[in-house]
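Shown here is one chain on its own, the form predicted alone, set out as structure tokens.
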Amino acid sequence: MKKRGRGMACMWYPIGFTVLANPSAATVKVNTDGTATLLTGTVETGQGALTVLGQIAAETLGLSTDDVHVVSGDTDVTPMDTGAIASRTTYVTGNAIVKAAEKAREILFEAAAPLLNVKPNQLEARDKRIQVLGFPSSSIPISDVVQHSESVVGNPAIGSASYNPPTLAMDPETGQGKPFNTYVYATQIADVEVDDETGEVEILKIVAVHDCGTPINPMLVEGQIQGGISMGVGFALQEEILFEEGRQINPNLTNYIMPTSLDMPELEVGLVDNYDPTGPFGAKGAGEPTAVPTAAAIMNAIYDAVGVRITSLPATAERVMMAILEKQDSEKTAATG
């Protein structure tokens, strides 16, 4: 008989390294054609990082994302970056980019202020123009300001900066400290169907709600969460490295089973817009946390369906069936005294 169950799991996850320094640096150059070049050591691994980092630079400079050319991962020309690890890229590298772009923007404000008969702190960058705060009609195209700053003032609009999350080491006696500067949170709920005669588990639906700060690109965040869930599904039900006499016996994708699109359940993703004042435009990150609660939610759903706890992953049909049989045996023993 197939029985349905629902399970929930919650998680919190830190952004960046534990206490240890993990800085990122960035260089932003605004060009005379009104575009900008962003140099970052961050490497794109498919999560959409470069799109988000380009958006952060564009927003700071008052440009469109298409106007920002991102040069990444070339150690000959790009500044240092700790790496696309620890779910840190949007938060740490993003903050470095904001600081670098602000320095370049300040150079433009200094050049434009005399032309607009105001002080630099009375200017803003918006819609590809440098304009007087509250008076958008009093403005100059950014391309003209860059040209003026270079050719007349003699100060190219280039900014470089770095960011390292402030932390405080844990006191070994009191346990007090600040090992991370920010955290993300999530809850995932799984609906499953378990066949109590075969142990086979089918995931029907997963609902995932994540707080990653203010999402810079909501569509990319949703895609990351969906990808993380797919990893969690494989971790929960399928993926297992098998050894025999110290030798892996399933070293390829013909017998190391991973979920495909056909194995994925219905997904519903929600984002909690929780502005973090320490992040770039309120953002924190997604990354690894997207996969953290998935397996736990599925295991709780299995327990809700058939009353057995699976504590060794993956929860293959064989493991689930063995747990069901052990539960039935213990119940019979208890009933007979």
Partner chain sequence: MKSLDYIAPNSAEAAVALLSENGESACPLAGGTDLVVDLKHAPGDIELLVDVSRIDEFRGIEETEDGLRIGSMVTYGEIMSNPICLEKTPAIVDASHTIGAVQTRNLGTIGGNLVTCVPSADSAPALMVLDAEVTVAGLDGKRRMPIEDFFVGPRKTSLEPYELLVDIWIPKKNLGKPSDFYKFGLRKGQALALVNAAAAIDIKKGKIIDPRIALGAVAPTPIRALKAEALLANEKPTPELIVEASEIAVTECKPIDDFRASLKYRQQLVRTLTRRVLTRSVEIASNR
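Positions refer to the first chain, counted from 1. Small disclaimer: the values here were computed from a predicted structure and weren't measured.
Keep in mind that the form predicted together with the partner chain is missing from the display, and what follows is about it.
Trainee: I need to confirm a contact call. Of E202, E102, D144, E124, which residue comes within 4.5 Å of the partner chain in the predicted complex, counting heavy atoms only?
Mentor: If I apply the 4.5 Å criterion carefully, the residue I get is E202.
Trainee: Which listed residue (S138, S162, T198, N155) meets the criterion of a heavy atom within 4.5 Å of the partner chain in the predicted complex?
Mentor: Selected residue: T198.
Trainee: Is I257 near the partner chain? Define near as a heavy atom within 4.5 Å, in the predicted complex.
Mentor: Because a heavy atom of I257 falls inside 4.5 Å of the partner chain in the predicted complex, the answer is yes.
Trainee: Classify E110 as contacting or not contacting the partner chain in the predicted complex by the rule of any non-hydrogen atom within 4.5 angstroms, answering yes or no.
Mentor: Contact check for E110: no, nothing within 4.5 Å of the partner chain in the predicted complex.
Trainee: Do E150 and the partner chain come within 4.5 Å of each other in the predicted complex, heavy atoms counted?
Mentor: Result no; E150 lies far from the partner chain in the predicted complex.
Trainee: Even though the partner chain is not shown here, does E106 get within 4.5 Å of it in the predicted complex, heavy atoms only?
Mentor: Heavy-atom contact with the partner chain at 4.5 Å: absent for E106.
Trainee: Should the three residues N250, L253 and E318 be counted as contacting the partner chain in the predicted complex, with contact defined as a heavy atom within 4.5 Å for each?
Mentor: Per the other structure, all of N250, L253 and E318 touch the partner chain.
Trainee: For the stretch 132-150, I need every residue with any heavy atom inside 4.5 Å of the partner chain in the predicted complex, listed N to C.
Mentor: Going through 132-150 in order - heavy atoms within 4.5 Å of the partner chain in the predicted complex - there are no hits.
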